[in-house]
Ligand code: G1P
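First comes one chain, alone, set out as structure tokens in the form predicted alone.
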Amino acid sequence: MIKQAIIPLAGIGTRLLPLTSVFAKELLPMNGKPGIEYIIEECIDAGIKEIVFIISNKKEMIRSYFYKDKFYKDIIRRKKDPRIKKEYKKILKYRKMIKFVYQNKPLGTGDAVLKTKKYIKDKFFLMLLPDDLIINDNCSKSMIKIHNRYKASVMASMNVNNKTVSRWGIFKLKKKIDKKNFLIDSVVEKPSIKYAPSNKAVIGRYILPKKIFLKLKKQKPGKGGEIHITDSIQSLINENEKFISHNFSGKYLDCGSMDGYIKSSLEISKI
């Protein structure tokens, strides 16, 4: 069973400037609560028991958000407001699940994942990227079901516009398993339109094997001087490790840009 999740949160969020010059993008409100809480709720609903947050010294406010005990206790004592008491209990519940590790140099998602190595106990773990929200259906939950059925790694997938493939990790599929799941032949990080093997993009949900840490430790920087998780995934595929592309049923929301953040907030308000 998948019981642990990791969430990379160290990025500074340049696409959301100027807001992120003073505020962590993951704490920006969406219909009355921080975006990161939607990710935590997805994890809990999928059966996750422990979450590792990867932050940086510049993102300490994320950690601080879960440690405002005096602030809440003072207000609860003075106001006797049941809503605030409920919110505080929720924060305490989340805090029991969360551990923190630090990535103080922006060396890519692969480097961020490697920072969590000492905490991962089981053979497989879940990774969620906070810029990607998937609503109306729990993507992580459905991926865990696929993992349990096929005993394989799983990555969320959707078709993207051919003109935007250079923004994504892109799959080449080997064969169809069933209506929503395909065996992956290869994955390439941010290919040009000319060399993209398809328009099937990796979306920010992954079930990865613990053995990926061995690859990440030896991984050389790729595009942009960063260590890309897709490069290590490809190394495992080359060694016949099974990876499945899962076409999820929920609605994808990109919260990482200003336009996307505004549209996502409006979508979530309709739920």
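In this text, residue numbers run from 1 along the sequence as written. As the structure is a prediction and not an experimental result, all values here were calculated from the model.
One more form of this protein exists, namely the form predicted in complex with 1-O-phosphono-alpha-D-glucopyranose; it is left out here, but the text below deals with it.
- Interface residue among K141, K190, K174, K90 relative to 1-O-phosphono-alpha-D-glucopyranose in the predicted complex, by the heavy atom within 4.5 Å criterion: K190.
- Of the residues I48, I62, V52, I203, just one reaches 1-O-phosphono-alpha-D-glucopyranose in the predicted complex with a heavy atom at 4.5 Å or closer; this is I203.
- Taking the partner from elsewhere, F182 is found to have every heavy atom lying beyond 4.5 Å of 1-O-phosphono-alpha-D-glucopyranose in the predicted complex.
- Taking the partner from elsewhere, D132 is found to have a heavy atom lying within 4.5 Å of 1-O-phosphono-alpha-D-glucopyranose in the predicted complex.
- A residue is said to contact a partner when one of its heavy atoms sits within 4.5 Å of a partner heavy atom; Q219 fails this definition for 1-O-phosphono-alpha-D-glucopyranose in the predicted complex, lying far away.
- Residue contact with 1-O-phosphono-alpha-D-glucopyranose in the predicted complex: R167 places a heavy atom within 4.5 Å of it.
- Heavy atoms within 4.5 Å of 1-O-phosphono-alpha-D-glucopyranose in the predicted complex map, among the stretches 124-132, 95-103, 69-77, 82-90, onto 124-132 alone.
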